[in-house]
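First, one chain by itself: the form predicted on its own, in structure tokens.
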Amino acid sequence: MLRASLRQVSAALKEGQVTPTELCQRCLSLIKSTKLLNAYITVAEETALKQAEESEKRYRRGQPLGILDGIPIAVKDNFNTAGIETTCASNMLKGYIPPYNATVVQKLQDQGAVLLGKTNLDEFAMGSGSTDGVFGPVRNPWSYSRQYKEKSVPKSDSEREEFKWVITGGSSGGSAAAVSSFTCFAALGSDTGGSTRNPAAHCGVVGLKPTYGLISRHGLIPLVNSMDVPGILTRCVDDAAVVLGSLAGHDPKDSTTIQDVFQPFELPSLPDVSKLCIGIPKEYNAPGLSSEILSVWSKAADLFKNAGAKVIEVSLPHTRYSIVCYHVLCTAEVASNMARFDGLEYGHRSDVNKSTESMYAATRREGFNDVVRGRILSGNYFLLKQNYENYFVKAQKVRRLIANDFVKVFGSGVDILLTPTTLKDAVPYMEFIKEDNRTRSTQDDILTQAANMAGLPAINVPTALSERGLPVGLQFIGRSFQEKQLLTVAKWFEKQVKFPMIQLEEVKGA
């Protein structure tokens, strides 16, 4: 039952094959037995069971609130949840219990979804491995899959001790691991430069980054206001469409959301791609792209060709500047956003009390890790009066050029872009931590962050297993607010590739 899709389990609830409470209890016990993955920071067992009980009463009356009623979900720990600790995986917010729900959390709860808990991430969502939070790294469920274990047979006993568990990607690694290990049916992540699509690719799940402004950011603790969007992680494309339908739309509390009424949509059961034009951006054949992923990418293009779609190579000439541009804008907004954590109103407060300034400084030194402090320093440097024009303003201009590249390509008749999501499959944790966070993020965001800079919708679809038995995903980028077309193409592709289900074995230390 836990391996079913969201739609299937919703039908089972309606037919009384399972009750919301039973479902919730099964998920909670699976969370306990897969504790080693470290996917959750907080498990809200009591409130989850209470919500499941309420849902059960509604089903008994024959009045469920909709398709999400009674469905167990998880939420990344940078969304505010009333009465449930929200930490951003940082000492700065340890013990912080928000007085209100983020709009997306409220919308899920209004439709009867059962909130199991808050998932692990890189501190303040800054990172691409989910290894830098104060609660420790998240382990990729595929590390414990039969597929990976069969391919990575230890050569000797000494190697067996050094079990090579792999990372989930980040920063929404906890949410991706939670969905991939069957502890919930959908999870919320956030996506600023690829933080939903990257872990989705490494954990073999669907990761949707909607168009900027389609889903409210109210209550998502901000990283980069002009790029952050709530992301959706599910096990299949149809489920992502269901969750999107319940979250999208205007929110008076977020002035950047669209004014138009959003019409939830159902995806066609037999999608047709023969009339579409698929663009293959040549710049995405980036340095460091593994030959394996290159071959999966070209096979995918052939699938579309054989189905009658027009497949053409396109150019997004400013792509090569985008990662540098992203770094300047990202750190500048981070520096501004992190100013709110001063130890006065909420979160950690240092005991140093010589002066207000010394208390500020000590609070921020104790509360933030090196990665966050590093980004604040970089951002403040770019925003200095003498540097502002040369860095921040210039980066804004380059951002406009990057967005225009996409406008031109979509204006030339291309419907959807097909690109890799990551440069390679997931690396072992011990290998990942050899490089610092900034170097890693630069490499890992390279194929995903341009969609954030242009505000476009993008989705990761699990495509194949690598030679090491680990998931490889491809990314589809659509036109602004054309989620229906994007998801329809993704669904067609998902049907063609028939990505294998994870064969999860017992999750325990090697």
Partner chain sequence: MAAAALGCGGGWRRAWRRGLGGLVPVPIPIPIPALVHVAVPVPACRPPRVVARNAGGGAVPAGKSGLAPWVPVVGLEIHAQISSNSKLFSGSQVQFAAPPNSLVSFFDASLPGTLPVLNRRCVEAAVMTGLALNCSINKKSLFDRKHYFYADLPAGYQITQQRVPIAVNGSLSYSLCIDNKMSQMVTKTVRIKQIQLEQDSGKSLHDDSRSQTLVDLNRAGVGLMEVVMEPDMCCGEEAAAAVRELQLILQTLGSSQAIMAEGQLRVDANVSVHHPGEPYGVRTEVKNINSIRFLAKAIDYEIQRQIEELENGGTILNETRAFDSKLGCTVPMRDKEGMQDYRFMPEPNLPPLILYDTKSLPANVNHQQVVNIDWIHERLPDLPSAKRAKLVELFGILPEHSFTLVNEDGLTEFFENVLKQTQMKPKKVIGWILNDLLSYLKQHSCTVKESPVSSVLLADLLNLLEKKEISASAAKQVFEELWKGEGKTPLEIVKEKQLQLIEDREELEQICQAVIDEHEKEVMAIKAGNQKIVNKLIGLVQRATQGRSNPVLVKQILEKKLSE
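Numbering follows the first chain given and starts at 1. Note that the coordinates shown come from a computational prediction; the quantities given were computed from them, not determined experimentally.
As for the form predicted in complex with its partner chain, it is not shown, yet the points below apply to it.
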(request) Verify the contact flag for residue 80: yes if a non-hydrogen atom of it lies within 4.5 Å of a non-hydrogen atom of its partner chain in the predicted bound form, no if not. (result) yes
(request) Please check if residue 385 has a heavy atom lying within 4.5 Å of any heavy atom of its partner chain in the predicted bound form. (result) yes
(message) So, residue 46 and its partner chain: in the predicted bound form, are they within 4.5 Å at any heavy atom pair?
(response) yes
(request) Determine whether any heavy atom of residue 315 comes within 4.5 Å of a heavy atom of its partner chain in the predicted bound form, and answer yes or no. (result) no
(request) Could you work out which of 412, 298, 439, 255 is the residue within 4.5 angstroms of its partner chain in the predicted bound form, going by heavy atoms? (result) 255
(message) Please identify the residue among 346, 321, 262, 163 with any heavy atom within 4.5 Å of its partner chain in the predicted bound form.
(response) 346
(message) Contact check in the predicted bound form: 123, 419 and 435 versus its partner chain, with a cutoff of 4.5 Å between any heavy atoms. Do all three pass?
(response) no
(message) Given a 4.5 Å cut-off on heavy atoms, tell me which of 67 to 75, 419 to 427, 81 to 89, 166 to 174 is the interface stretch with its partner chain in the predicted bound form.
(response) 81 to 89
(request) Could you list the residues in 178 to 217 that come within 4.5 Å of its partner chain in the predicted bound form, counting only heavy atoms and keeping sequence order? (result) 212, 217
